[in-house]
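Next up: just one chain, as structure tokens, the form predicted alone.
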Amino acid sequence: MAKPKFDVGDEVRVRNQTSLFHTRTQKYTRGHVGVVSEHRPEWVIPEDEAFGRVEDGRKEPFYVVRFKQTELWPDYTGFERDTLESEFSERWLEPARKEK
């Protein structure tokens, strides 16, 4: 099992890339910054799982990332503290701040 690249509390950015095949990465989260709120067990990435490759698919850690609603939708009119959580495989995440 791979060691997770990110820790709970780390700020991450969802990669803003296209996908030709199935992915669970919502378009509205791509390019936005959130905070890792939970680790999930390593599992087959959705791109392989969608094609039935559960036994031999590529596996990696998954994370739950919490976003401020105002980060995702600048015109959001709800409370400033409102959040949304979504799950991502590690390949879709990068550090929010580039290392020097």
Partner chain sequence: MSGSHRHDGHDGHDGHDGHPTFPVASQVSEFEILELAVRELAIEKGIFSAEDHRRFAEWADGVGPHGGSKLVAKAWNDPGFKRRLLENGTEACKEVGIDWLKPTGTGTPSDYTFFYVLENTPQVHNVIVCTLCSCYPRPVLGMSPDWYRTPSYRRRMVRRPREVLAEFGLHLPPEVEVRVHDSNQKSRFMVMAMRPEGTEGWSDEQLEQIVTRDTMIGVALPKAGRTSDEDVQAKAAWR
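Numbering follows the first chain given and starts at 1. These numbers were taken from a predicted model, which means no experiment stands behind them.
This next part talks about the form predicted together with its partner chain, which is not shown.
In the predicted bound form, its partner chain lies farther than 4.5 Å from every heavy atom of D10.
The shortest heavy atom separation between G52 and its partner chain in the predicted bound form exceeds 4.5 Å. Its partner chain is not drawn, but in the predicted bound form it has no heavy atom within 4.5 Å of R15. Contact annotation: R40 falls within 4.5 Å of its partner chain in the predicted bound form, judged by heavy atom distances. Residues Q69, W73, D75, Y76, T77, G78, F79, R81, D82, T83, L84, E85 are the ones in 68-85 with at least one heavy atom within 4.5 Å of its partner chain in the predicted bound form, listed in sequence order.
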